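Single chain ahead, by itself, as structure tokens, in the form predicted alone.
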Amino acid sequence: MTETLPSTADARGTRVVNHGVKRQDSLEKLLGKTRYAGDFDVAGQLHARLVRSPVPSARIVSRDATAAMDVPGVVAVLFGEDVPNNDIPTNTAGIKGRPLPPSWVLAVDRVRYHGEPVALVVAENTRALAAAEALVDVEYDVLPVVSDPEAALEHDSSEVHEGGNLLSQWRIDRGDVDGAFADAPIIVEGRYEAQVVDHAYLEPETGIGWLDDEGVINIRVSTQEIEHYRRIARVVGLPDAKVRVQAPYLGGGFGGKEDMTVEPYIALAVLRTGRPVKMVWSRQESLTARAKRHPVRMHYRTAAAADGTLLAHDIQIVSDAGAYPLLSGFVLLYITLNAAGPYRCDNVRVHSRAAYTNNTPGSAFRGFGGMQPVLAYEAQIDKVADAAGLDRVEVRKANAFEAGDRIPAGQRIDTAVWLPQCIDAVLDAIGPRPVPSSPEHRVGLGLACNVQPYGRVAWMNDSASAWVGCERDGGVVVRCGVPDVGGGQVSSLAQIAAEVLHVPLEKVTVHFGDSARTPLAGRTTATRQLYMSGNAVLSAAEELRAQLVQGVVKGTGHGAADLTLAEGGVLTPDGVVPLAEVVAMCMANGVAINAMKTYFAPTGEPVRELVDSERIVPDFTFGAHAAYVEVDTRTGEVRPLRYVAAHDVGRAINPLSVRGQIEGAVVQGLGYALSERIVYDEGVNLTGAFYQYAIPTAADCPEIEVKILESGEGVGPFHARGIGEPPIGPCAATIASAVEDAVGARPTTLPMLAETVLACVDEGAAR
């Protein structure tokens, strides 16, 4: 039936969606009532802790837990041979024809990075735990350390794993790159390097597990993926259905809780002892041993015509994967896809490689391969503009993708590209240049753009399921396995259901993040949940809406064409039937009052090492950022003064949440640009405390203005685009551009520490 919008809809055509509504979790978080995974305790619980390797590369000669077991209160000490299935299958992409090495739950004969787990201690209390941890005796035979990714790829390098240190590589070869360079009037070149950074979430890795009356291991854990229950079950040797994972609200994830953290160790301890077990990683553990953002080295050569038209890119990229594969192959694929940026170029050659080293493993982090290349491709387009004597803004606009163009990897862009509009939005809003605070200070304006895919790679056959139903009192229930990592995922699903069913938002309850009680929706990563789970809820709610109308047809005798949904019920020629009565009519007449739907993402063929495919990712989000910074030419300090970020979000389900995502991403991106880094000394992580890791504080952050653009052409529900990850991408390039504008030379290595900036001051003065 064709449905007429009720009078409660505003000029946007919606009642709830596309409105800045209060999130369902906002009040309890504001009042400090939200219970995170670490806030749960169970009577009689034990505590667990890992014994970690103090060296980055060694053979394990011997292990002895005798002294540890003698500590009063110690219940168990487990080594690798005590784990039913000690290897964790790799979830990544590697070299075709070569099996990837697994990650180990507990190392048995070899450690490959500083902090790798070698034993699990379980005790009655944390005092006994600490004492026993120190008494677990592990003898190491230290081996050579491989710490530099480029050196790791040399033929004479020591091997982190048998078979060589090349984990993965991807290539793009589009057009005639060599011919374009041979004839190009403008050729620019640059080398760029991005550092290792940590997720630095407030909530460390934590969880608690217990056995229920049916012999199911229940784990309540801070995670971005409840579907790890299958991997946990394999580790402990149980059927999948004998493990249940619950994900309460997270105190931050950013990709750092996409891989398993505490889960297998809790499950092992519960299975061994039969008692509840809690594990909380210390901040030092998290900073030392948790997977990090990949450091990347990039070499770019770019050819252009005299009018600034991009003719060719020749790009070489090396990524440090660390000691184990994790998600490094997929991250490298996204780096490769994004290497040329949001600009049209017919001739592109990219060769990217990920190398094993004895550094901490790299894995998912907000931006997932879309972030590191922005530093390089935005610098290259500025160099092209300068070499051509043209305005940098106009060169960007002239080269920007348009709908219908193909990215260098072959996929066609089927939705709107509002990159010029984003550029105009930030430049219109940035305002006049501030006056420097002293003669020794200089103010610069920076601009950077980016493109970021959202959704998982197409050949993974991604799907998400949701159930939507009505209660007898007229309430609406949504069940969906989405983990809410703080981005408002649950509230967005409530808005979608409320919109479709024309019920007040407060009448919608969402049950989420439980592998046994909610339909599975996949991991909260890759900016995929609104797109995937949102479409699943939309489809289920639409089916439920049709059921409600059918129930009123059978209950009243009115035709479907005479009915429409109104606020909290169904409008008939006789008036509004409240939803509770509609539900009663459905039940009395054999009409269902719930629907479960699965949304399947468009699929594509698996990409090969030479990437050329019609469908690799679902869609793209575009954006532009601008900022003023003040540079102290005496000290090298860079102080952001004002920041504007604009992104086309397709349609904002909740503009307040969108604004929060963009503002948070900018702050995180400023840390990446200016201060954050993990420091290693031959594979040993020297950064073990927050006081050593310079996260931006409120005092370090400028005024941030957000411009939400809505083309209405995303592939998510109500044509939304993903926005969780894209806003972090342009930050470092924006600041680098602003520093260059201020002092005359551009930083090319992150973070832009004082010594880096002072070198730019000297270089600029010498020009």
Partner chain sequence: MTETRYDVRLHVNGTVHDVQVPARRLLSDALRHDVGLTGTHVGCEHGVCGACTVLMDGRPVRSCLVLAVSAVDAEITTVEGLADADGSLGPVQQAFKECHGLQCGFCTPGFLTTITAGLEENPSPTPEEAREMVAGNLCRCTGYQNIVASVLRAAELRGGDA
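What you see is a predicted model; the values in this text were computed from it and never measured. Numbering follows the first chain given and starts at 1.
Just so it is clear, the following notes concern the form predicted in complex with its partner chain, a form of the same protein that is not shown.
> If the cut-off is 4.5 angstroms on heavy atoms, which of these, Leu571, Ala131, Leu271, Ala305, is the one near its partner chain in the predicted bound form?
Selected option: Ala131.
> Just give me the single entry in Glu499, Asp382, Asp259, Asp198 that has a non-hydrogen atom within 4.5 angstroms of its partner chain in the predicted bound form.
Checked against the cut-off, the match is Asp198.
> Is there a heavy atom of Glu116 no more than 4.5 Å from a heavy atom of its partner chain in the predicted bound form?
Answer no; every heavy atom of Glu116 is more than 4.5 Å from its partner chain in the predicted bound form.
> Do Val468 and its partner chain share at least one heavy atom pair within 4.5 Å in the predicted bound form?
No, no contact at 4.5 Å.
> Is Pro72 close to its partner chain in the predicted bound form, meaning a heavy atom pair under 4.5 Å apart or at it?
Yes, contact at 4.5 Å.
> Taking heavy atoms and a 4.5 Å cut-off, does Ser26 contact its partner chain in the predicted bound form?
The answer is yes: Ser26 has a heavy atom within 4.5 Å of its partner chain.
> Is its partner chain in the predicted bound form near all of Pro101, Thr336 and Arg608, within 4.5 Å of a heavy atom of each?
No residue of the spot touches its partner chain in the predicted bound form.
> Only one of 626-634, 559-567, 485-493, 519-527 has heavy atoms within 4.5 Å of its partner chain in the predicted bound form; I'd like to know which.
Within 4.5 Å of the partner lies stretch 485-493.
> Who in 229-254 is close to its partner chain in the predicted bound form, meaning a heavy atom within 4.5 Å?
Leu250, Gly251, Gly252, Phe254, in sequence order.
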